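What follows is a pair of forms of the same protein chain, given separately as structure tokens and numbered structure 1 and structure 2.
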Structure 1
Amino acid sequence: MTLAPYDDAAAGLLSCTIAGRIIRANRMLVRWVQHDTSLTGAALHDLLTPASLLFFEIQLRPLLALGRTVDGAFVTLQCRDGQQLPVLLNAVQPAGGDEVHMAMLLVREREEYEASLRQAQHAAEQALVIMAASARAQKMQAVGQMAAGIAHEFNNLLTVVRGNIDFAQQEVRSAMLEATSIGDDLDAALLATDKATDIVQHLLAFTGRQVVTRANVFLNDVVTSASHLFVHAFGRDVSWQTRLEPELWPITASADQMQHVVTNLVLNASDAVRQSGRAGIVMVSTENVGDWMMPSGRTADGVRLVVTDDGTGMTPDVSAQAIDPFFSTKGIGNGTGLGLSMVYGAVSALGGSLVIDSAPGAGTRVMVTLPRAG
């Protein structure tokens, strides 16, 4: 009878794994979505509309993985008879845990909800006026840093596009018409353009025209597909090497998500080499890991991605802050400190771990370990 308060709660209550498998749901939530008995064992994507699932995957899951609490997020449930039910969602993922706990409240009157939104918007505008007049408007500065981070992402990609097109034009002008060389330059330009397009597609996904799905992904394929782009982006001072396990196990993830993880780690490593003022190497390796201790405390088979550089390295204090949002050692205009924070959020959301091993003058090794696909 210990579950009676849980089942009789006026809110809809739900617990699920970080992979989205529902562990238990109370009677109120079951009644809302018109299921006959229980939601236990169902998938989260069966409960949320496609647009709400995308919102949860892209915006809410990384926040939960970073230990943040979600309060009052607006999502829509998909009822069994096809109707949609708007709710306000509170969610939390206990530190080190592999479960997400949610509580939902019905938005009973659309007019009432819209009125509350207008009131909240008015309050927010008033708060912004006060913040703008205050010398301590730190949150506004953080918003500016985030906007700069997005611009930085696009700038990196478009720099590669422009550089490779310039290479191709120079070869044409000098009459060195080697089709293979020109084709390689243009291929790299197109690949970088595709990466910029992917970012736009994430925004379009909120219209419901795209659905974030996870599937079996081989990290070797992710690394290989990005290698040509990195070679052109590094320049003369940074060499690129790979050591990939030929029989690597698959993981369950989004290929685009893992591409973002690999790209951030490799570009951070190349920046560290350049900061050292000497030529250096970025090494990317993959391996299978048996009996890996997951963040939840359980053991499982895992797949490890390791990015190593022989750059400047970090002190223990810097390493401890490396995954904090907006923490950066690159100076104004050269980095916003969002890269490793986003990587950590994505890895944690997949049930994985991120470990940084670094020392001043000795380079840095970043190890990402993810569960093997079941």
Structure 2
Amino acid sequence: MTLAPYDDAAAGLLSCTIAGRIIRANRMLVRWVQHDTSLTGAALHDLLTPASLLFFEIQLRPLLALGRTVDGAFVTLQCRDGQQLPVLLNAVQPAGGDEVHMAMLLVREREEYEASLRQAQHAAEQALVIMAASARAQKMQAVGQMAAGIAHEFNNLLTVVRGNIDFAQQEVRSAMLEATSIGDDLDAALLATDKATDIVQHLLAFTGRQVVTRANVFLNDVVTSASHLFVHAFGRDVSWQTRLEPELWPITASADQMQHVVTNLVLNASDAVRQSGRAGIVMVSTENVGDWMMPSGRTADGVRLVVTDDGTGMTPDVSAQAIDPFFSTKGIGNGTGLGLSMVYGAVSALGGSLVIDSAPGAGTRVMVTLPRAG
């Protein structure tokens, strides 16, 4: 029997048994899938792509069997000529019956449009990620330029101040030998200028514009020789462990600067442990990294220094600002906020990378990776 409204409906119509044997299908559907005359007796499975068949069996079949209507599911029909037709499927299995009734609408354009939307969304997400990274790089560059400018001006002024204090001190000493308190005042002023000079050095290191002599350096030696500087500063609640790669590759750097790097990271770590109020551990390890992706995008052999603590950890906010100059968690008077920015500057100037991995309560891990010498 043919029924014009049924056969020529602008939709594919089909009824099948719950076992998937087709009882009737309208002419429109037959035309879509390019079967010769009729689909009666064919298997529903043969009309669906493998992915659609999987989806139908695991996802739609249970819904139908439990009496729920399938309303606008997306599946793909498999045509005779190998083409695939995307359709929206409505289906129902009337209660107590053993038949499933389906209606399908062709949605090829919509599917393509949807795919292009998804692609656009994906591209936009990628662009956002790249933008955020470049904004961060620009910010660090701007901060670096500013720091370099200030440091330069400051350094000039300090040189003048220090020279004049020196002169004054000598003149005071020779003129009035008994006036020791003035000499003490001047000593204090000198000490303060030296401290200021130190800060300037740190700023210059952050900007990577400090002139340093570089040579082959073994990070293990740096860690070992630096350890006597900080171990006594730890206190009894902080224990200390090293795991050093015995065959560690050398890097090209300044040993002094590397000592600053190690000392800064380890002291930050021990502060974090102390702030947690619990006993904790600071661990320093070194390792060789083959195929390391440098910040420049090239791959090379790298040498990695990892400083891990089980202290307070940082929120993502704090961790994102950790290397900004003058950012400090230690409260006014307890830190310059330059330690980690100095480390970042020194590491960047050497072509290395610094990664901070931290979460509140879960401790912090700082990974510094530097190119292998040679």
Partner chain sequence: MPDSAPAAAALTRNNVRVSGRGTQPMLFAHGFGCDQAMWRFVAPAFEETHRVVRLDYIGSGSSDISAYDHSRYGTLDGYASDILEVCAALDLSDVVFVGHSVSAMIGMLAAIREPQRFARLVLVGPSPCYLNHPPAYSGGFNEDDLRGLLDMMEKNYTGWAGALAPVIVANADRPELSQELEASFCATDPVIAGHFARAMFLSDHRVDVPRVTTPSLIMQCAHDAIAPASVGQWLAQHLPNSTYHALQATGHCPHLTHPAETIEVLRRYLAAPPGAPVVATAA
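By rigid core we mean the largest C-alpha set that fits within 1.5 Å across both forms. Here, a residue number simply tells you its place in the sequence of structure 1, counted from 1. All values derive from a computational prediction rather than experimental measurement.
Matching each structure to its source, the form predicted alone turns out to be structure 1. With the core held fixed, the Cα of Gly345 is displaced between structure 1 and structure 2 by less than 2 Å. Fitting the two forms on the rigid core leaves the C-alpha of Glu57 displaced by at least 2 angstroms between structure 1 and structure 2. Residue displacement note: Ser276 has its CA displaced by under 2 Å between structure 1 and structure 2 (rigid core superposed). With the core fitted, the CA of Arg21 sits 76.2 Å away from its counterpart between structure 1 and structure 2.
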